[in-house]
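Below, in structure tokens: the form predicted alone, a single chain.
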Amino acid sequence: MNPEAQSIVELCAYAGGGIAMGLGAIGAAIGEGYTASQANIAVSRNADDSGTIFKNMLVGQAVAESSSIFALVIAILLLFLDIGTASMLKAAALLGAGLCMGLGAIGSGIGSGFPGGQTCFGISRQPEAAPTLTTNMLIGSAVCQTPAIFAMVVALMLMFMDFGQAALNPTWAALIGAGLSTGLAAIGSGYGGGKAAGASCAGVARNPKTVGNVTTTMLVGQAVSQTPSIFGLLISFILIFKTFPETAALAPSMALLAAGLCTGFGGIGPGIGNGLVAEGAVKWVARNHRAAGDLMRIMLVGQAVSQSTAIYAMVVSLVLIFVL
């Protein structure tokens, strides 16, 4: 085993582990803090139901914590992984894995805090609707974790797949780009999905009889909000599985790295934007459920337009991978 390659692989593994957990702690802490802040407001509004509010706060915080637990798992694996045969490609893959999981946990952690906080506040307004609110919160929060799960899947692939037969240049850039594509794109989708879920919990608290329409609109809105993270996942898969011819030129490597950055950054805004559209629709379905059909239609059209920029980013990434 090459001692120099071994040292570089260990360096990237340790750096990736630190990045995964460091960035992964950001979103969950913010989401949990928001849930707790709303729980305090709720208790001050209705102290008689402080026990129920407290329990739901802990449940909401536990779900928001999930994304940081994913990051912790990846970090521990990177720190104690049996590297096997050391190579520069292995080093790039491990660094990409850490970036992917760390970035991918941010949006899901923050997003999961919104339904948790709105559920606590909603219980102070409608104590009898607590079971319904808890169920709605768990569904919405679970969907918010999907982008973080995408990031964990890509991170595990980068860590455990064998890239030994691939050319070092430009494959190293493709592996880091793969981590950045899914990791960055997950930020917007996780946050946007949380905005829709938070509005759903607030809406159910306002009018529990509309729970069916509100939940349906929430799930459709969240599904569209997840699309940018799916685009990021698609580009990651292409960068991981496509075979690239060996070259000494720097441009092909930069093209592949840019492809990951393009779809990654390009997915943040659309994910958040789609969530804001869904938040507005869900909020008003609870207030006027008779207009649920019209609100759903306007939501989908609005999200489609907001989504277009993520599609542009994906197209540019595909050009960078297959044309340039």
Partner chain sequence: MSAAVKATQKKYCSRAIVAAIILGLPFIFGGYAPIGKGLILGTIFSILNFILIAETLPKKIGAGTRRKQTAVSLSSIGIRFALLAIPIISAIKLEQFELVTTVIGIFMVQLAIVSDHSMKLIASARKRRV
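Quantities reported herein were computed from a predicted structural model and do not represent experimental measurements. Numbering follows the first chain given and starts at 1.
As for the form predicted in complex with the partner chain, it is not shown, yet the points below apply to it.
Checking T85, T247, T135, T216 against the partner chain in the predicted complex, a heavy atom within 4.5 Å turns up for just one residue: T135. Exactly one listed residue, out of I298, A291, I41, A62, brings a non-hydrogen atom to within 4.5 Å of the partner chain in the predicted complex: A62.
When the partner chain is considered in the predicted complex, M161 lies well away from it, no heavy atom lying within 4.5 Å. Though the partner is left out of this view, L23 does not reach within 4.5 Å of the partner chain in the predicted complex, counting heavy atoms only.
With a 4.5 Å cutoff on heavy atoms, R45 does not count as touching the partner chain in the predicted complex; it lies far away. Contact between E32 and the partner chain in the predicted complex is found at the 4.5 Å heavy atom cutoff. Residues of just one listed stretch (95 to 103, 161 to 169, 222 to 230, 71 to 79) have heavy atoms within 4.5 Å of the partner chain in the predicted complex: 71 to 79.
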